[in-house]
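In structure tokens, one chain follows: the form predicted alone.
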Amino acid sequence: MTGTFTLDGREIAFEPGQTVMQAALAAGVFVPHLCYHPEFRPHGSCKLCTMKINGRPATSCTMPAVAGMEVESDTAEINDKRRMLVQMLLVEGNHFCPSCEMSGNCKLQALGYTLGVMTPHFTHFFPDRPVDASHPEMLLDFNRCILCELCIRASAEVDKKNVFALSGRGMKKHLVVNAESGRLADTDFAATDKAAEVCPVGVILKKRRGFAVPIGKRTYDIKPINEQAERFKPVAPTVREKA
């Protein structure tokens, strides 16, 4: 049995078990996000998908859709908060877009354009996190990590390898490789793993392929991310069926 809720004045239909975000994406309405992936159970860590639901803020990727909800997303107030979150992520890591292999394919960069991020606003941290080039096929640039945990979840839930984890707390929280040496080469990680393809920024990179597609002809160069809701539509089973 389906139901509907109102999103920015538009009626959105949903299936049982869908979240507000899943229903919006299925209806072709883009919702800013970084930690959400249609193949994984959402956990609401990045907060970019936060909306006002019946007047109260909530992460739309974890909020079950309920008939009659009044939902606000594309407002000046909410987009200001999203813009600030993107600005904070950009200065926390070393995101030098013009020279990055992921430029044009990076969701953080694409969201920055869509949300109108024109300046860093905050002071750059310039973290010093060593690059791991030990693996014959893959490169890890920890300086770009936004702590979305997608690689951790993919490695644990899909690849069944548990290659990645987070270590530390607060400002010292960072991505690590689950090997005694801390090197990717000393794990069973493979370029064909699901974890090798889910990073929304430029942390996990395949060697010798960085500029195979020229900048200017990449995913978000061709069409802005907010016009590509279809790329992020939910896939079966739904959240409730997974639980």
Partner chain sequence: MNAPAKKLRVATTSLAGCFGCHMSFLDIDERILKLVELVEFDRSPITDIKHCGPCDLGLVEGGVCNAENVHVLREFRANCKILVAVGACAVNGGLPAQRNHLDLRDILEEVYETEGGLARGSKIPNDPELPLPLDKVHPIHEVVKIDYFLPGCPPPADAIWKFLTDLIAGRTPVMGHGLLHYD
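Residue numbers count along the first chain shown, from 1. Bear in mind that the values here come from a model prediction, so they are computed numbers and not experimental data.
Unshown form predicted in complex with the partner chain; subsequent notes refer to it.
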Inset, instruction - May I ask you to state whether residue 222 is within 4.5 Å of the partner chain in the predicted bound form, using heavy atom distances? - result: yes
Inset, instruction - Consider residue 80 of the chain shown here, and say whether it contacts the partner chain in the predicted bound form, taking contact as heavy atoms within 4.5 Å. - result: no
Legend entry - Contact label in the predicted bound form: residue 139 to the partner chain, heavy atom within 4.5 Å: no
Inset, instruction - Could you confirm whether residue 103 comes within 4.5 Å of the partner chain in the predicted bound form, counting heavy atoms only? - result: yes
Inset, instruction - Using a 4.5 Å heavy atom cut-off, indicate which stretch of 67-75, 111-119, 163-171, 147-155 touches the partner chain in the predicted bound form. - result: 111-119
